[in-house]
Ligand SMILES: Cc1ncc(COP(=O)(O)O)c(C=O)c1O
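We begin with a single chain expressed as structure tokens, specifically the form predicted alone.
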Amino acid sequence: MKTIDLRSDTVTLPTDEMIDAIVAAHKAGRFGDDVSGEDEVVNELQEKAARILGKEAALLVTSGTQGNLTSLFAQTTRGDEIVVDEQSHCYVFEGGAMASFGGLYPRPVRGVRGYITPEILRNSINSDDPHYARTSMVVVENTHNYAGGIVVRPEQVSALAEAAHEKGLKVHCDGARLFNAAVALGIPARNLVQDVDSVMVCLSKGLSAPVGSIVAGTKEFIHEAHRIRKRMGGGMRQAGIIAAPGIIALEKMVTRLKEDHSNARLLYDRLSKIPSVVVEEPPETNILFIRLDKMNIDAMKFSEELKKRGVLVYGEYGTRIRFVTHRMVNREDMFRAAQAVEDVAKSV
């Protein structure tokens, strides 16, 4: 029986067309040394990504974490303070790298479902006093993972950016799932990042590329980002082998994200019918959480029981369990997954 893997949209496998694109680029002699800017496929990907995101330039990096760190380090100085949501990926799930590698001091604040409002930001900026770290940046995560894949609207991003820029702060968008947000709203991705100074998007999550992320911004920012990427060991040689699938990801895999959102909503509808399961807000995109408040079982044990029934989830969110839909699962899998949850709930 098929294992239904709902742990993350990072489990997506490359499509046949992506593999064919690698072979075709190799046969055409398009690979080169990307450190020297000579890989034609990487250059094509970066130019395409910049156009899609409405930015002057873009840079291929190995991962979303590397993309976030590159963006932060390229626009700040060691000792600076970065305002982040207390449940943001760059604060919780990146190993403390902004501090340990970059000497940056995170200032976690409690946003409104992951969104740092202009008022919250203004109240978090240190005064220009040598006793305090200099507040130099705010990070917005869109969609916001821990808040349940919620979408931060363009007007919210613009309002935050306006408040930040008034005080001389840079704005970085952790857009690992930015295209999910764009598809959910039915707008171009560029509309969500037109007012930010830098943005990172992942190609290896719901877009199904095997590896890689993109950072984008001004030409000046990307010039410095090259330097930071090199410092972190991110300089690559024939990187066209990962850029070729990335091009397919941007061209062919964005619109199909609607299917993932639809499946997440179907799963939500089914789980909501289980009396002992507390389902959080209806999913806007491809992520939803349940809580086990009404059951005498912890999340890790619950996830172990689901695994016995062929359903994989992450149970490492305290009393919450996350489900993420993606290309490798379908509507039938949602029914099976919901039934497995109900079976476990009834057994405890």
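Residue indices: 1-based, along the sequence shown. A quick note: this is a predicted structure, and the numbers were derived from the prediction, not measured.
Just so you know, the form predicted in complex with the named molecule exists too; it's not on screen, but the next bit is about it.
*Asks:* Specify the contacting stretch among 190-198, 147-155, 174-182, 104-112, defined as having any heavy atom within 4.5 Å of the named molecule in the predicted complex.
*Replies:* Of the options, only 174-182 has residues within 4.5 Å of the partner.
*Asks:* Mark residue 89 yes when one of its heavy atoms lies within 4.5 Å of a heavy atom of the named molecule in the predicted complex, and no otherwise.
*Replies:* Yes - in the predicted complex, heavy atoms of residue 89 and the named molecule come within 4.5 Å of each other.
*Asks:* Can you tell me whether residue 85 touches the named molecule? I mean in the predicted complex, with a 4.5 angstroms heavy atom cut-off.
*Replies:* Looking in the predicted complex, residue contacts with the named molecule do not include residue 85, since no heavy atom lies within 4.5 Å.
*Asks:* Would residue 286 count as touching the named molecule in the predicted complex under a 4.5 Å heavy atom rule?
*Replies:* No, residue 286 is distant from the partner.
*Asks:* Residue 141 near the named molecule in the predicted complex, any heavy atom under 4.5 Å?
*Replies:* Yes, residue 141 sits close enough to the named molecule in the predicted complex that at least one of its heavy atoms falls within 4.5 Å.
*Asks:* Could you spot which one of 202, 121, 169, 98 gets a heavy atom to within 4.5 Å of the named molecule in the predicted complex?
*Replies:* Of 202, 121, 169, 98, the residue with a heavy atom within 4.5 Å of the named molecule in the predicted complex is 202.
*Asks:* Within 39-66, which residues have a heavy atom closer than or equal to 4.5 Å from the named molecule in the predicted complex?
*Replies:* Residues within 4.5 Å: 63, 64, 65.
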